[in-house]
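In the form predicted on its own, a lone chain appears below as structure tokens.
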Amino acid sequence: MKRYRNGEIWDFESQAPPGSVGAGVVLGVDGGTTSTVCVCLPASGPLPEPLPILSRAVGGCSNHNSVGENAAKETLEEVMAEALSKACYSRSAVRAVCLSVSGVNHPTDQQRILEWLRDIFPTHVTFYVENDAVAAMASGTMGKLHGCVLIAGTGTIAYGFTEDGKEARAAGAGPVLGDWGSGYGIAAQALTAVMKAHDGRGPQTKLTKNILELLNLSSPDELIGWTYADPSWARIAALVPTVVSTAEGGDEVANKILYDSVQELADSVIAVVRRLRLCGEVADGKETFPLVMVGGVLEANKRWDIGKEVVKCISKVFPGALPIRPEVEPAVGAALVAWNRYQYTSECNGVREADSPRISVVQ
């Protein structure tokens, strides 16, 4: 166990009260493009209801594709240290960590993070490193990885899990490679529509007036400077509520952007369900499976309910889809995965399981 680049963030451990290790704790981390959350739970079970969340810490982006590997690791380390500090535990009390981070798409991504975690934590700690879809799924199924999860926030991905361990995904490759159902994708299309209307390549739209007013700009030409001054995904995606409100006002361009995005999101889920046969072996698609819906784009807080429209599209193909709106946040889902993993290793009489399964995606 060693200090990483910012060793001072672990200085609190010298003040940890005696005997604070006890039965230990588990950490669940949900790392996304917009924010990173770490939750600390007791490692001993069974867990009561409501869940005994010992602490919670929040940081910035931890997607290495967005901010770079060093900045991503710094954010992850800071939130884990803060969560332990708030709970009055040191790293020696940690039994398992589930790091569920966007941008983890390949076994090489897993391996780099695992090696880094092993440098930070004691040798007895079990690690589970996966894409952020794991935390999102577990938040809806209380730690069980089975079904399909659709994440639609700043970015988007559909990920599925069978009970025997098969996985499949669709989308999640970032906006350049076609994640147009994401918050970034919706907002980017809106900005494009404004520019097209401005120079005569597209129909006029109320998006022009509404977006310019929101950003305190006087002309669409100024959008060029605003966009490239800081083209971060989260900053662009923050325009989604304006696109939704414009669509609610009857604007045809804004409505088309949202309907196209709904179809993109639904198509991602449909592709995953088909590849994993979550709907059953027969073609009627009536076998039930959990469909966990996570992310700000899917939140049912507007008259133009993107999540509801996505479910409608999916249900036409797979009537057995059972939509779930998680009652706990993804970081808690990640902590439950860590808790389940620790309980499993304990039941195996201390035989340590491999830290992370290989990402094995069904093609």
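Counting begins at 1, following the sequence as shown. Whichever C-alpha set is largest while still superposing within 1.5 Å between the two forms counts as the rigid core. Only a predicted model underlies this, so the values are computations on that prediction, with no experimental measurement involved.
Beyond what is shown, the protein has a form predicted in complex with a further copy of the same chain; the following relates to that form.
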**Prompt:** in the model of the complex, does each residue in the set Glu74, Leu207 and Ala229 place a non-hydrogen atom within 4.5 angstroms of a further copy of the same chain?
**Reply:** no
**Stretch in contact, per heavy atom within 4.5 angstroms of a further copy of the same chain in the model of the complex, of 178 to 186, 109 to 117, 134 to 142, 84 to 92** = 178 to 186
**Asked** Is Glu264 a contact residue for a further copy of the same chain in the model of the complex, using a 4.5 Å heavy atom cut-off?
**Response** yes
**Request:** Evaluate Cys148 for contact with a further copy of the same chain in the model of the complex, applying a 4.5 angstroms cut-off between non-hydrogen atoms, and reply yes or no.
**Result:** no
**Request:** Verify the contact flag for Thr192: yes if a non-hydrogen atom of it lies within 4.5 Å of a non-hydrogen atom of a further copy of the same chain in the model of the complex, no if not.
**Result:** yes
**Asked** Does any heavy atom of Arg201 come within 4.5 Å of a heavy atom of a further copy of the same chain in the model of the complex?
**Response** yes
**Item:** Residue (of Arg235, Lys256, Lys166, Arg275) lying close to a further copy of the same chain in the model of the complex, criterion heavy atoms within 4.5 Å
**Value:** Arg275
**in the model of the complex, the one of Val79, Ala171, Val243, Met293 near a further copy of the same chain [non-hydrogen atom within 4.5 angstroms]** = Ala171
**Asked** So, does His106 move by 2 Å or more at the CA between this form and the one not shown, with the core held fixed?
**Response** yes
**Message:** I want to check Asn65: does it shift between this form and the one not shown by 2 Å or more at the Cα, with the core superposed?
**Reply:** yes
